[in-house]
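This document opens with one chain alone, in structure tokens, the form predicted on its own.
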Amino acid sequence: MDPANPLLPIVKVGFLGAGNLATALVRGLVEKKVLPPTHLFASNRSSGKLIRLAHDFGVTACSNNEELVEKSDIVILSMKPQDLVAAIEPIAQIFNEKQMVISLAAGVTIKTLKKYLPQCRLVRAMPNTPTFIGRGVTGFYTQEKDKGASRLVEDLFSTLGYALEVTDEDLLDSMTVACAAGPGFVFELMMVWQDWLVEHGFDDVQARKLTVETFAGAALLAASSAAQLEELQNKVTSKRGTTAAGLQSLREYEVDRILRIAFEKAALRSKEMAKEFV
């Protein structure tokens, strides 16, 4: 339990949707003893994932969404974005003004949430897939500037890794691109690494291991050092050496521009998704 936040040990949290993100958060809350399983509830459209979540972590499986809302102080909307409105619209009147609703649905803005749940304290949060191993990044934005609420949300999501509150939804959208979509971009680069190693004589298992360890090692080195990324790069780059030759080629082909275009394309799609839910 977190003694610095006396509210956290007594709140009851319900997950409307029992998919991968809900499972990752439940695992973090239970394994790190942030909340006891008796304070966690879940509901789901189909029973398979719900039964597995209840079995694995001891959470209470609710027979319907209405039951979950009535039992929870915090309701986490952890279904797919396209399913959110259909899930909350029929039960909107059951929510009360004391409840906090945290949406994990990409593209669904606070404005849209407020349309259906005007009486609730509303929060948007966007975890990324490394949350599944407790090394995630979660950005969150609160509707009201309430330090107590912000601390509560931060304590919940810090169980999955690093949690950062942002001051507006534009920043949250930027984090969604860089941190939530970002692992997909990194995996694309890793596939290039792996393929090149296979082409040069390594088998698939060796190539994958070498690639993963290279990326993991570089990330951990950056995490363990106060040096700027450019300084760390300079330490492995000698004049007229192999690294310098490769970096010169990357810069000639403007790989940084290609990546920036990918980020902007993802950001544009994020804005398009937001319009779809208005």
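This is a predicted model, so every value here is computed, not measured. Note that residue numbering begins at 1 and tracks the sequence as displayed.
Same protein, other form: the form predicted in complex with a small molecule, not shown, and the subject of what follows.
Asks: Pick from T129, Q99, S174, T109: which residue has any heavy atom within 4.5 angstroms of the small molecule in the model of the complex?
Replies: Exactly one residue meets the criterion: T129.
Asks: Choose one stretch from 45-53, 214-222, 249-257, 26-34: the one whose residues place a heavy atom within 4.5 angstroms of the small molecule in the model of the complex.
Replies: Residues of 45-53 come within 4.5 Å of the partner.
Asks: Within a 4.5 Å heavy atom cut-off, is G161 in contact with the small molecule in the model of the complex?
Replies: No, G161 sits far enough from the small molecule in the model of the complex that none of its heavy atoms falls within 4.5 Å.
Asks: Using a 4.5 angstroms cut-off on non-hydrogen atoms, would K80 count as touching the small molecule in the model of the complex?
Replies: Close contact exists here: in the model of the complex, K80 approaches the small molecule to within 4.5 Å, heavy atoms only.
Asks: Taking the small molecule as it sits in the model of the complex, is G17 near enough to touch it, meaning that at least one heavy atom pair lies within 4.5 angstroms?
Replies: Contact check for G17: yes, within 4.5 Å of the small molecule in the model of the complex.
Asks: Does the 4.5 Å heavy atom contact test between A105 and the small molecule in the model of the complex come out positive?
Replies: Yes.
Asks: When the small molecule is placed as it is in the model of the complex, are L21, N65 and A87 each within 4.5 Å of it, taking any non-hydrogen atom of the residue?
Replies: Each of the three qualifies.
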